[in-house]
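Read the single chain below, which is given as structure tokens and is the form predicted on its own.
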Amino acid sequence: MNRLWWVLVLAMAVLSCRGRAVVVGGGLARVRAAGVLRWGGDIQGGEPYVYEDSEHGGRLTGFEVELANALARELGVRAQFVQNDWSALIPTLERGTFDVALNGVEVTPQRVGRVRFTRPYYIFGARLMARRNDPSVQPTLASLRGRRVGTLANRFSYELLRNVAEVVPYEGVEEPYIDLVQGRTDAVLLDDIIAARYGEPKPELRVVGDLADGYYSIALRPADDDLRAALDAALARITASGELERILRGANIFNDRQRRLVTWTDDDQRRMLGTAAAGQRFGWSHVALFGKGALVTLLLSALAMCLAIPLGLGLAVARLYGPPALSRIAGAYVELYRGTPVLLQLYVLYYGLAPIVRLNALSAAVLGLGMNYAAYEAEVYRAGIQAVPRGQMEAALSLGMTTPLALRRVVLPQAFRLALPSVTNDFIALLKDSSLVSVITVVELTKQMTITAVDIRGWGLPGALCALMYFTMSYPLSLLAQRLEARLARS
């Protein structure tokens, strides 16, 4: 038996290695041996970076797609796109999922100390935009002090703002300008490419000015320095030949700044890279921020559950005892909210309905989660009501009680007692689902963890502390649910 076991283990090892070649050398040898340059990006960034062209069967297009193809050709391989969330491009690069990160990756001091950068392929301006009816925003960072300014998390603009303004971090490029139009923020600072496509077309907004120049460059792992040198040489060739200019003009993003790329020197490269920012040490200040994020998570979850419980109870009663029209409406509500992702519901509530209902981020988060969990609570209470023997309702009615009175005094107290363990479990689930509200700019515990992980250049300690805090909040509730279930079992 033992001999058979070792034969199986050996066979699995052989199969797992099948088709893999052992490559001696650095990143360039690995890429050429594979015949593929794998580049990571995020389609969510949209036009003109990388996006699906609906007019040509949904194939990928964009100026970075053309750039990746040109660079791969220069290396004698083909380019292969790997979809990845933009905020996690650098960590995913470090774990080896793809060879390079090429998707509007900006050169910042924090990243310089973490990865290797090629020469730039685009020079952008950090463009400040404000509402037309707000002349107080001026083209200086000083004018933004104390104001709510939107930008994308972990970007060049985020680093410019973090010690000046109240930074509102976003994960998409359209959302910051929607909030600015709605008056939820005072200004938006983002790359000129993004501002030109998503901010400037909005008549309510104006361009204040460009506050600083930044660079898009290709990021690689420090061990792949030979691949970086090969890509630098390839970039130099396609820049000198005019191919890079043709790519940028094709995307309508070429401007006078890009002429500096033709004469780019080693001194320019050293100035661009500057001095790598030292990674922060995880300290008590970070623990305090985690505590603040945990309080936001707990408050948000408690308020959402306070909404979900009465709304869910009302839906359950309407489905079971309401008139046919009301019963169908309640049933449709439950199926709609259970059949669509809560993330989509938050987007629709906060951004989609913004022209009609202007909610701040916390209110939208509470309302969105509360309405979603009300659908699940409705099913819990419906099951509890149906578990109460039918004869009790009939007895109450025979004593002269009306249906509402019988429900309030006889049926619902018993149903709520039966449903209480499930309600407690739902609150634990709600605590964890509250991490989704970061997409509408609420900085809760999970979002604070990701921000801290970037600051200290490590995910282990922030992730462990985040998990510990979630466990600390949810475990007492789990014990409570177990006690309630045991008490119900005994009775």
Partner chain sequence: MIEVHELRKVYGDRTILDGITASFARGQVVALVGPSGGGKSTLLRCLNGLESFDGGAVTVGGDRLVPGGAKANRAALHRVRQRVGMVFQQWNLFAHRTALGNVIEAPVHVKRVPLAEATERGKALLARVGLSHREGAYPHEMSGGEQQRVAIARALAMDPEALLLDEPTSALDPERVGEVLDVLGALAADGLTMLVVTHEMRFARDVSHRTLVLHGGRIIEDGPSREVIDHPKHERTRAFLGLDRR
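Treat the numbers as computed from the prediction; the structure is a model and nothing was measured. Residue numbers count along the first chain shown, from 1. We call the rigid core the largest set of C-alpha positions that still match within 1.5 Å between the two forms.
Only in words, not in the display: the form predicted together with the partner chain, which the text now covers.
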* Asked: Of the residues Ala196, Leu273, Leu343, Leu405, which one places a heavy atom within 4.5 Å of the partner chain in the predicted bound form?
  -> Leu405
* Heavy atom within 4.5 Å of the partner chain in the predicted bound form: which of Gln414, Gln269, Ser327, Asn360 fits that? Just give me the one. => Gln414
* Flag Pro222 as yes or no: does it have a non-hydrogen atom within 4.5 angstroms of any non-hydrogen atom of the partner chain in the predicted bound form? => no
* Can you check whether Pro203 is within 4.5 Å of the partner chain in the predicted bound form, heavy atom basis? -> no
* Evaluate Glu394 for contact with the partner chain in the predicted bound form, applying a 4.5 angstroms cut-off between non-hydrogen atoms, and reply yes or no. => yes
* Counting only non-hydrogen atoms and a 4.5 angstroms cut-off, does Arg281 reach the partner chain in the predicted bound form? -> no
* Structure fact -> Within 4.5 Å of the partner chain in the predicted bound form, heavy atom basis, the matching stretch of 205-213, 292-300, 101-109, 384-392 is 384-392
* To do: Please say whether, between the shown form and the other one, the C-alpha of Gln414 moves by 2 Å or more once the core is aligned.
  => yes
* Asked: After the core is matched up, is the C-alpha of Gly322 off by 2 Å or more between the shown form and the other one?
  -> yes
* Align both forms on the core first, then report whether Pro404 has a C-alpha shift of 2 Å or more between the shown form and the other one. => yes
